[in-house]
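There is one chain below, alone, in structure tokens, taken in the form predicted on its own.
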């Protein structure tokens, strides 16, 4: 069943791109006032997606990219045996929908992990604006490159790291991303379940739970349900550096 979501009319409910507190994360810097005005015309629709509902599904036609204004998403694909494989977690200031550019169909599902809101960026319009605004085109290429680098990082996680290293890298990555958004780097709530973390990291649920317990016993983190407090950032980083020694 199609996700329940609400499109928001810009005149009724809108902060323009030029006024958005996430502009430095999802838009290029150094644009002129006129160019920012053009971008305000590009993003004319916001969409609400309720928790556990889909923004889009694998196989849907590709029409737009989505800049996450508020909330948290996961992307996943359906395996042949019916299981869902989580391929990523996305938060405010990040872009969803890049998976559909090549084939003009989305290759994965995008599901809200909490009530969320996205800015809808029609891709055809984005291409037209990119031809006129060089900084926008350059920034778009950087966004795509960042996704490629992230995919390579996941492959490294799955290929060479032990369970504890994978979880340490995952927590440190979340810490860095929260820091970029002005939030605490050492204290945050996990929007995803441990089962979803395990799917993303290629680990069984029991292995994820054991790794969390070990980190807590060793004083690296403090865990209360989904609330995480990182007590020893250096200790987590040491887990990763030891492999490179």
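Please read all numbers here as calculations on a predicted model, not as lab measurements. Positions refer to the first chain, counted from 1.
The form predicted in complex with the DNA is left out here; the points below concern that form.
Is it the case that residue 162, even though its partner is missing from this view, gets within 4.5 Å of the DNA in the model of the complex, heavy atoms only?
Answer yes; at least one heavy atom of residue 162 falls within 4.5 Å of the DNA in the model of the complex.
Looking in the model of the complex, any heavy atom of residue 186 within 4.5 Å of the DNA?
No, no contact at 4.5 Å.
Classify residue 50 as contacting or not contacting the DNA in the model of the complex by the rule of any non-hydrogen atom within 4.5 angstroms, answering yes or no.
Because no heavy atom of residue 50 falls inside 4.5 Å of the DNA in the model of the complex, the answer is no.
Against the DNA in the model of the complex, would residue 176 count as a contact residue? Criterion: heavy atoms within 4.5 Å.
Result no; residue 176 lies far from the DNA in the model of the complex.
Just one of 203, 64, 220, 67 has a heavy atom within 4.5 angstroms of the DNA in the model of the complex, so which one?
In short, 203.
Counting only non-hydrogen atoms, which stretch in 41 to 49, 54 to 62, 194 to 202, 178 to 186 is within 4.5 Å of the DNA in the model of the complex?
Comparing against the DNA in the model of the complex, the contact stretch is 194 to 202.
Would 210, 213 and 225 all count as contacting the DNA in the model of the complex, using a 4.5 Å heavy atom cut-off?
Affirmative, all three are within 4.5 Å.
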